[in-house]
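Next up is one chain by itself, shown in structure tokens, the form predicted alone.
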């Protein structure tokens, strides 16, 4: 258990994946834009550089709360990773762990809002309020989309959902609409283009994190990179779980290819779509995504029945 928590698929493995995914994402996005992109060691260099910078906060900001928020976000992501299998290996599993994972992955969005709320800068406050409005726009469709595989399998355990797909077929094949909605929800959760509204550089600088620097900013970026890894791994398990057609291949490389495919999908969306306004996102979330997610849930109930 200690090996699973600290090495694989625990903290050190997630840390390595966070750096690798960040580099691959930046390289793919650079290629889409006709640039070269950073070298392989750039994410590590950025993370090492930030703690050496001066850690300052504006006058009037509670230093204790400002230090606790990124640690809380990182702790929530690491705790969620305990229940997300990696190539069939999971640190802990129980009936209902999917609900726990979804709750834990929602905490970074709330801490991001609080980071803007406790700040005194206009950009931080505006970015925090934008993040909360965005949270209410994407979270409901995302929750209904990832609930689809649970409804089909009759279980709220991620490991059981993966095993169910080995007996039938991938969740993305049985419910492609649910997979698309889950990807859109993940983009909103990660605040990536085109849903980077809370931290749009041309409008609110870095949003809630404008006033953060040094070690605090390093922890914020690490928690976001790890949330990307855990979110992608979650979608791989829910929609591209075990399959009878890949039994002859090693599980870990196949899992890695699935994860990189979803990362490529996220990078493609960031490159080809322009940023939405917050009112456009709210309209998209409640008028289009939520009804479609509800339709997918009803279809899953009909198939399961």
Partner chain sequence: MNIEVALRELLHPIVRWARRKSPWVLHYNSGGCNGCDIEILDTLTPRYDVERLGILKEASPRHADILLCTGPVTRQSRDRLRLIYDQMPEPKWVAAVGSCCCSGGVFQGAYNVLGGVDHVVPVDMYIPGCPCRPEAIIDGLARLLELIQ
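Note that the structure is predicted; figures quoted are calculated from it, not measured. Numbering follows the first chain given and starts at 1.
Just so it is clear, the following notes concern the form predicted in complex with its partner chain, a form of the same protein that is not shown.
Asks: Since exactly one of 209, 161, 86, 109 fits, which has a heavy atom within 4.5 Å of its partner chain in the predicted bound form?
Replies: The residue in contact is 209.
Asks: Report the stretch among 168-176, 76-84, 183-191, 197-205 that approaches its partner chain in the predicted bound form to within 4.5 Å, counting heavy atoms only.
Replies: Among the listed stretches, the partner-contacting one is 197-205.
Asks: If we define contact as a non-hydrogen atom of the residue within 4.5 angstroms of the partner, is residue 253 a contact of its partner chain in the predicted bound form?
Replies: No, residue 253 is distant from the partner.
Asks: Can you work out whether residue 140 and its partner chain are in contact in the predicted bound form, taking contact to mean some heavy atom pair no more than 4.5 Å apart?
Replies: No - in the predicted bound form, heavy atoms of residue 140 and its partner chain never come within 4.5 Å of each other.
Asks: Does its partner chain get within 4.5 angstroms of any non-hydrogen atom of residue 274 in the predicted bound form?
Replies: Residue 274: no, not in contact with its partner chain in the predicted bound form.
Asks: Is residue 221 close enough to touch its partner chain in the predicted bound form, meaning at least one heavy atom pair within 4.5 Å?
Replies: Residue 221: contacts its partner chain in the predicted bound form.
Asks: Determine the residues of 39-54 with a heavy atom within 4.5 Å of its partner chain in the predicted bound form and present them in sequence order; the list may be empty.
Replies: 39, 41, 42, 45, 46, 48, 49, 50, 52, 53, 54, in sequence order.
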